[in-house]
Structure formats: structure tokens, C-alpha cells
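Shown next as C-alpha cells: one chain only, the form predicted alone.
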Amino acid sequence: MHYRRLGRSGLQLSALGFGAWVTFGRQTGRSQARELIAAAWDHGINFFDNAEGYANGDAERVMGDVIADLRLPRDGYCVSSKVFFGAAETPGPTQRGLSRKHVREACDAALARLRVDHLDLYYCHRPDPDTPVEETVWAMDTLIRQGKVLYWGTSEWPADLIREADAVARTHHLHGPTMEQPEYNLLHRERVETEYAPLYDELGLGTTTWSPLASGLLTGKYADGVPDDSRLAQAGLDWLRARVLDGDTPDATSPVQRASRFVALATELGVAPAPLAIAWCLRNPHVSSVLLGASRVAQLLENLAALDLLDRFDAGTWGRIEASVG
């Protein structure tokens, strides 16, 4: 495993992390979760990502139970949560968002579900148009000063709001955002590579990116439709299926067609498409950690092979890989 600093901080995260989105508490049961976290830990992963909204808190409960059962040393791993969407099935107005009330109470609930006394990383899962940024910054700073959170950041925030949060923190001598968690893959690049580009030097921003396989699209498994046992076939994920398969830009080449060209090139290069797509993400020096999601140990181990591909190809070949989805 390789380890990278989280932006300008001193925290060293595994270059590949393990996340629980749409798997733990839904697609993956406790016994499978135990096998996955044990395999991740055995292969050097020290960063486990979660959120209050994943399976209405059940993803955190499963992860917390498994980590406790495995008796992982608390000083050897990092665990995260995110606040915004709420954990209730139908959250009320004080059970979601980034108000001081919800940020504090969501943190306490996440600590209980994950069975830890502090969160290493805590993210504002989306911007909250109903809460002033200043209120959220103060709430996060309070959690850090109370010892409940070590680093806080954002997820899918626009660059101007991240700058605003940092400015509030600097003005009042508070702890500002350390990291952002955006989507990043061969089909989704603009925010990480362009919008956030100035923030890496200006703020020392780190990134823990998600969906390196575009929700499985870059593996090629959706080329002929949606398999019944796949993530996109799960009940309640119609919105994700439409987004992944149809894309955000009408009249453009479909994401499935673009992914098919990438898969064909991976086959030509003699490598599996999944680790190749993950390795491409890792080549970006501003990526602190790439979050993997897997429902089977064999799938996780295949994805970990991305580390072996980083130095396998020359710049020209990596250029061909990028061009394949253009």
C-alpha cells in the first residue's frame, strides 16, 4: 500500500480507502462486511469512509460493529462520517442540513453507530442553502475543540463556498476545511482538475475521491444492460441508474459508449479495466485517497491491483487511456 498526506495536513491516508456507500446495510450483510474490512486492513488500507445517510445509519452500525469485532487498533485506522442528509427515513427540518444543531447531534449519533470516541474526518456532505456557511464553520470548529473530530471538510461543494468557509475560519482563528470529497473518474473530471485547481495551493486542500469506476460503468459490466445482481439494479437507486447510464449531457456520446471504448483499450493493454481506471485516478497528485466500494473480497482484491499499474505504462499510453473516453 502507498500512503499520502491529506492535503497540507500531517495525516497519512492509504492511497486506496474503503467506503460503505450503497453496499453496507443494503447490498452487503454483516458477515460480508467483516470479510471486506478484514481484507482491506490486511492489505494496508487505513481509511474507512461512511456517512449518516448511508442506509439510514445502518452502514455506520455495520462498519462500527465489524471494526470493533476485528479489534483494529484505534491509532492505526481513520474513520469518517458525513452530515447533511440525515439518518431518519423521512428526516424532519432539524434532522438534516448543516445547522449547528444537526451538525452536533449527527456527530454524536455517528460516534455511537461507529463505536468510536472521535471521527478522524467529518464532511459536510452537500452545501446547505438554508444555513449560513459561518454557522457551519463554527459548529465544526467546536467539534474539533471538543475532541470529537480531528479534521473537517466538504463533499461536492463548489469552490467558491469552500473559499468562503476558509475565509470565515481565518478571520475568526477557527479550524477551516482540510479536505473535499468529490466524484472523480475518467468520465467525471472537471471539478477536481479545473474548478478546485487553485485550492490545492491556496488552501492546501486534500481530496478523498469517490466513484473511480463511475458506479461500475468503467468495468464494462453495463455494456449489455443492467445485471440483476449489480449495484444499479438495487431498489431505490433509479436516480443513480439514470445518471450513470444516461449521463448529464443530452445529445453527447452516451457514458456506456465511452466506457466501452475504455474497456476495449484495457483489453488491448492486457489489464482488467477496473484497476486501470483506479490507477488513472491515483496518478493525479492532488488525490489524497481513492475510495473503493466492493461487495465481494475478490472484487476488492482486483481493485487493489491498481497500485501495481502506476508505473507500468508510459505517458503516451496514459494519454491513449484518457483519449479513449473523449
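Numbering starts at 1 and follows the sequence shown. Just so we're clear, the structure is a prediction, and the values are computed from it rather than from any experiment.
The discussion below concerns the form predicted together with a small molecule, not included here.
Engineer: Closest heavy atom of Asn46 to the small molecule in the predicted bound form, within 4.5 Å or not?
Structural biologist: Because no heavy atom of Asn46 falls inside 4.5 Å of the small molecule in the predicted bound form, the answer is no.
Engineer: Is Lys148 close enough to the small molecule in the predicted bound form to count, meaning some heavy atom within 4.5 Å?
Structural biologist: Lys148: no contact with the small molecule in the predicted bound form.
Engineer: Using 4.5 Å between non-hydrogen atoms, is Ala20 touching the small molecule in the predicted bound form?
Structural biologist: Result yes; Ala20 sits at the interface with the small molecule in the predicted bound form.
Engineer: Closest heavy atom of Ser211 to the small molecule in the predicted bound form, within 4.5 Å or not?
Structural biologist: Answer yes; at least one heavy atom of Ser211 falls within 4.5 Å of the small molecule in the predicted bound form.
Engineer: From the list Gly176, Pro255, Gly86, Gly216, which entry has a heavy atom within 4.5 Å of the small molecule in the predicted bound form?
Structural biologist: It is Gly216 that has a heavy atom within 4.5 Å of the partner.
Engineer: Going by heavy atom distances of 4.5 angstroms or less, which of Asn284, Asn56, Gln299, Ser260 would be at the interface with the small molecule in the predicted bound form?
Structural biologist: Residue within 4.5 Å of the partner: Gln299.
Engineer: Please identify, from 66-74, 38-46, 290-298, 261-269, the stretch that has a heavy atom within 4.5 Å of the small molecule in the predicted bound form.
Structural biologist: Looking at the other structure, the answer is 290-298.
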